[in-house]
Structure formats: structure tokens, C-alpha cells
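Before any questions on how it binds or moves, here is one chain, the form predicted on its own, in C-alpha cells.
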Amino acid sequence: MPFGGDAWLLTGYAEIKQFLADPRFSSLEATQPDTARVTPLPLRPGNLLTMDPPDHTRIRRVVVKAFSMRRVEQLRDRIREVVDEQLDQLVARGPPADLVASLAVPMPVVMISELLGIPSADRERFRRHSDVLVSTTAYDAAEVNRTRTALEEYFQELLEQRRSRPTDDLVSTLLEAMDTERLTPLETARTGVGILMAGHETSLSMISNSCFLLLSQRELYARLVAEPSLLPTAIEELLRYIPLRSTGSFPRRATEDVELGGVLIRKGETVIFQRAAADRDERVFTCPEKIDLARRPNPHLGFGHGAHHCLGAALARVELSLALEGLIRRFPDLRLAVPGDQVPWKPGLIARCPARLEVTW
């Protein structure tokens, strides 16, 4: 691995599902400085990604209602409104336009900020920090460390503000949980940072990558324009097919000897997995290299599996669906303004994402 030594890499669908459901592989143990990993620093302990049960269960219980299907359905009209606002601006500016800057970045940022209660004036501040936190080689360890600390301090300031002026947002919910669920101030701040980053970085990357895929293979976009009823299965296929990460997963460490896929993984050894490989496993998916917008069933692992299954899966699905629905409804002739092989990509980050996506119509 680029940092910390050797690790096992899982690529098979069945092996990854078994791994993700096995409590003998610890996320907390993988926060040790010597853990094999792709990032300059291991994740810090004290947030949902790096917790094991029962602490993970305790804190997840606090925030899960904010991301439930029922709550996301209540947000659907607001998400559609934000998408339309961004597309109105796109029309006003005229072609060519950058879909990353015009839609993929602002829409998820607005939604996760409103859910958490981040003031609009502060959104650009944390957006600048986002790329640093998902860096593999783009930023060094010192920069990553400074950025993490700055964001945690920001969240602690936000919690203090809510203490004197409580509202009905997720930050206030986390504040209440400091008493009811025994969250420490640092756990609360790190949970808030984790939700903020996961809530917009993955969605913006997925929207950007989906637009690139559909427009670089233009017959796929044309089919959705002609058959918008395909959108639900198309969303699942995009989640299966697109390799959202440029690297393997966040690592976990075995807390005892475990046999997995016919291999003995010894206590203390590190394991990562490549979700994109699992979702192309021909033992599970027929013609896995083919994009089938009508594929059923589609049991992809795009949102993980087990205790750490993505908390924001429902929100991410609705955001991606409404973004694509808005594009195919309002821009049936949308196409790339440059050849697909000339689209620039962000280097040195965990997230695999176009830096810009120039389109015309």
C-alpha cells in the first residue's frame, strides 16, 4: 500500500459481503498510525466510519432518522426545487456550461447543509476543505491534519451556537444526543464532519460521473430521454457500473484469525476491498461489463453492506434521480462540448470525478 505496509485486497462479491458483515474486522483498529492505507493519514477515531459496535450503534441511532426514507421523501420537493434553480441558471448563462460547477457541486452541498443546519455563508468554506480530506497524493499529511482540525473546530463552534439558539436541524439533534446518548463534544464534532463530507462529496462525484458516462456514450442518454420510465433501474445500474473510488475502501483490521475466501487472514492484518470489482463479478451479474439501464435484479454494493451500510443511501438515490430527471426533461439534446477523452479529471483523490464537464445543447 502507498502508506503503512501490506494489506489484503478483496475483489469478489461474496467475499466482500462476508467481510462487511463480520464484526471480527474492526474499523476502529484501522485508525492506528501503522495501518496499511491509501491516504497520508489514517482516519481519526470517534466518527461513524471508524467506530465499531456498540459505539457505532449508539451514534448511528442518533442520526438515522434524518436520513430515513420517510424524511428523504419529505425533502423531495425541495431537492427538485434546488435542481430547477441550478438548471434555470444554466439556461440563463447559455451553452457551453460546466455541469460539475453548475449542478453536481451546488445541489448536494445545499441539501446536506440545510439538513445539518450549516449557514449558507459558511458553505464555500467547507467546500474548499473537501478535496483535502479525500486526498491520496494531492495534499500532504500536514495539510490533511490541519484541515481536519479546522473542520472539527468549526463544528464545535456550531454546536455552541445551537446551545444558545436551538433549531430543528441535525446539528441540534447531535447536541441533544450529547446528553441522551453520552456523545462527547469531540465525537459529536467528528460525526458532524463525517456526515457533511460524505453527504456531499459522494453525491457530487456520482452525479458528475453519471453525466459523463451517459453523455460520453450518448445512446444511453438518448434512451433515457425516450424512455424516462427507465430512470429507477438506470440509477441502480449507474451505481453498480461506475467505479466511484480511484482506490480501495477504507481499511479494517482483523481482531482475530479469520478464514475468508479460502485464505487465512491473521489477527492484526489489514484488509481493504474494491467495490467496483465486486459489482462486476460475473458470478452475480450477467454480462457485468455491459451497461443495461433496465437491469433487474441489481444487488450492487454501491452503498456497502452490514453495519456500515451507507446512512445516506436514500438521499443519494433521490438526489441523483432528480438531477438526471431534470436534465433529460429540460435538455433532451444535451451533449458533451468536448470529446470524452479530453474531459479533465481530478488527480490524487479518493473520489474519482471529472474536474469539469463542459456540455452544450
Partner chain sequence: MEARADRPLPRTPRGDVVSGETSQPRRWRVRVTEKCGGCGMCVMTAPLYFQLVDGYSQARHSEVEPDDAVLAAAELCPMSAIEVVDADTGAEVTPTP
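Note that this is a predicted model, so its numbers are computed, not measured. Residue numbers count along the first chain shown, from 1.
Another form, the form predicted in complex with the partner chain, is not on view; read the next lines as being about it.
Scan E73, E181, D140, D122 and let me know which has any heavy atom within 4.5 Å of the partner chain in the predicted complex. None of the others qualify; the residue that does is E181.
Among 36 to 44, 306 to 314, 328 to 336, 288 to 296, which stretch has residues whose heavy atoms lie within 4.5 Å of the partner chain in the predicted complex? Only one stretch passes the 4.5 Å heavy-atom test: 306 to 314.
Is every one of H200, L231 and I235 in contact with the partner chain in the predicted complex, taking contact as a heavy atom within 4.5 Å? So, no: the whole triplet misses the partner chain.
Touches the partner chain in the predicted complex: Q32 (any heavy atom, 4.5 Å): Output for Q32 is no: heavy atoms all beyond 4.5 Å of the partner chain.
Quick check on T57: any heavy atom within 4.5 Å of the partner chain in the predicted complex? Yes.
Is there a heavy atom of K17 no more than 4.5 Å from a heavy atom of the partner chain in the predicted complex? Contact with the partner chain, yes.
Can you tell me whether L9 touches the partner chain? I mean in the predicted complex, with a 4.5 angstroms heavy atom cut-off. Judged by the heavy-atom cut-off of 4.5 Å, L9 is well away from the partner chain in the predicted complex.
Using a 4.5 Å cut-off on heavy atoms, which residues of 193 to 216 contact the partner chain in the predicted complex? Nothing in this stretch is in contact.
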